[in-house]
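The form predicted on its own is given below as one chain in structure tokens.
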């Protein structure tokens, strides 16, 4: 094992457009301690093993004091959301959320959105009429999943601009702070303020839904009495609704935008999808492997010494998994740097794995499949205006900040 500075390079915005050569270099040593402190794990089977290892904790309160780099991604005045907890607390909260969102209690919640999602997609694309160029992010990839998650949760869409800024600020907490100590403190202060404002807003919505429930997830959580286990407390609801609101659109924005960028870089595949819309199902799975919206999984730690790939990670160490690197591991995927839309046996890490597998994956898949198939069908001769496009600063939630696309017209 060697100490390297690759994490700093991965986090450097100058490398955002193409981090994959850095991941290839990182895979030379499957487990390595970065000079900034965290242990980085970058190869497929090692990531696969650790995502299922009960000795790996998602609760940063188990970090050794010397391994902590900041207050973490969540509001320090609220309990952690379920993805930042270990069993049994994780399991209880996940079950309560799934009771309002998916099987077995609400099996048709996502399925029932098919028609509504198609209508939102068509309506957004209709607005392109008479234009020769769009910014896919501003005109489609952002407003689409935001509209969906607002309707699913029960957040009035007219409030979207209010939580847009809060969500963007809170999402920056996933990365370690940079800059001077004063700049780092200002960074954490802005995150805390965004958390507090979002929590205050959600508290008001929860109270409204308790008095007058509707057919939405906030109402279901606010009125759930817990059945055979304790219902969520108000602080728990605030933590988990913040997570659902942010995760419910941030990652899907990247998935759709990265997907369209990849298709425009592979025009033969784009033409194939236009003639065979069913290809979109395996194609989205390959996008989740090839250009995953979540590149890094930081804020893990070890509950015991763990030996893996010849390296012992000590108890309490900061552990970073790099699923975007595992998705390009040639030991698992033949020709990993090729985009193969019908790739067989595509067990990627696009939605994580193990007990923390993304609960929103059915919705994200449906959104991406619907969006990409319809964009490809309706845009005549779409083409990139600039390549690479400008990227967001966030290395963990990686995607273009803007994606200008020129086209010749719209099909009906």
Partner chain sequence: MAVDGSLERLRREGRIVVVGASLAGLRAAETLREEGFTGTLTMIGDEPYEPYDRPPLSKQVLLGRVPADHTALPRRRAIEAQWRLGVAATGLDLSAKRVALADGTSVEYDRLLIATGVRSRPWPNELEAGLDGVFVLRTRDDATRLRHRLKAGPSRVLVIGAGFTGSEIASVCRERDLPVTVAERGPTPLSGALGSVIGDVAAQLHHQHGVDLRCGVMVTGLEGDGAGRLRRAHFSDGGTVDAEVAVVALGATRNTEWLAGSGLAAGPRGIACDAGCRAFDVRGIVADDVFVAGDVARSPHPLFGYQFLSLEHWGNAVAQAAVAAHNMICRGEERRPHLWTPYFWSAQFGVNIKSVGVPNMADQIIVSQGSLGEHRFTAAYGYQGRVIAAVTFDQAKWLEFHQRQIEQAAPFPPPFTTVDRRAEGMRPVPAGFPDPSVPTHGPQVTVSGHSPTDQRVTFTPA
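No experiment lies behind these values; they were computed from the predicted model shown. Residue numbers count along the first chain shown, from 1.
Keep in mind that the form predicted in complex with the partner chain is missing from the display, and what follows is about it.
Exactly one of the stretches 82 to 90, 258 to 266, 282 to 290, 325 to 333 approaches the partner chain in the predicted complex with heavy atoms within 4.5 Å, and it is 82 to 90. Checked against the partner chain in the predicted complex, the candidates 304, 207, 224, 116 yield a single residue with a heavy atom inside 4.5 Å, and that residue is 304. Distance criterion of 4.5 Å from any heavy atom to the partner chain in the predicted complex singles out 52 from the list 383, 61, 28, 52. Contact with the partner chain in the predicted complex, defined as a heavy atom within 4.5 Å, is made by all three of 48, 56 and 354. Proximity of residue 229 to the partner chain in the predicted complex: non-hydrogen atoms within 4.5 Å are present.
The shortest heavy atom separation between residue 95 and the partner chain in the predicted complex is within 4.5 Å.
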